[in-house]
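In structure tokens, the next block holds one chain alone, the form predicted alone.
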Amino acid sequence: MTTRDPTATGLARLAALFADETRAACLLALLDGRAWTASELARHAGVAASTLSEHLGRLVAGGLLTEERQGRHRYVRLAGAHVAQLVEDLTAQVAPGTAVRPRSLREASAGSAMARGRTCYDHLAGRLGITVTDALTARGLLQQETGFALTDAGLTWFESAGIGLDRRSRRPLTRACLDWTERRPHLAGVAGAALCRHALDTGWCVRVGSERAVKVTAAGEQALFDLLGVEPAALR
């Protein structure tokens, strides 16, 4: 008699949660780190609210989402950074040639904006994320030889830039996250989240549209040039 491996069973159940286009669309949308209402996700995924409710129930039961209710509204968000990392890592495995072509100019523009700069849960991604990561590395603030790690100069840089790092967090201070559009790792972890939060709070970056795309402002271009030597043209 064959004994089932419980790990294999659990892996199959987890994979099944991703193996639906509507659920995948919800997980990708929630990579912006914000809480969405069920009705917002239904419109985003292009399905009826009743259909989406069933999908959200499965994602919550599977531990990928958490939910809370405020009055009549049901809000959901990713269960944590570990889920965001899993979604992003799986997305990076999608072969470039298999991606569905944009159906309209609006879709093409949105895709271009996402590739230029976006949030990946709580850190910067796309060309913007890679450009900042490269600049940190080139200046000796971040080393990538044996995994991502801030150097002593890097810790000093964050402090001098007014970007606080929560050293007590259980999350790693730095982590390499494979960028699904650039196919290279960008900075994640506590440092990546702090840098992204600072960029949004200070107006270096602003969100574009209703998805995860972000755009560097004139103030952001100046700040990144002054602090990291990033040429403005590299951010556009």
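All values reported here derive from a predicted model rather than from experimental measurement. In case it trips you up, residue 1 is the first one in the sequence shown, and so on.
Missing here is the form predicted in complex with the DNA; even so, the following discussion is about that form.
The closest heavy atom approach of residue 167 to the DNA in the model of the complex falls outside 4.5 Å. The shortest heavy atom separation between residue 71 and the DNA in the model of the complex is within 4.5 Å. Mapping the unseen interface onto this chain, residue 217 falls outside it, with no heavy atom inside 4.5 Å of the DNA in the model of the complex. Using a 4.5 angstroms threshold between heavy atoms, residue 207 stays clear of the DNA in the model of the complex.
Stretch-level contact check against the DNA in the model of the complex with heavy atoms at 4.5 Å: of 177 to 185, 25 to 33, 44 to 52, 199 to 207, the positive one is 44 to 52.
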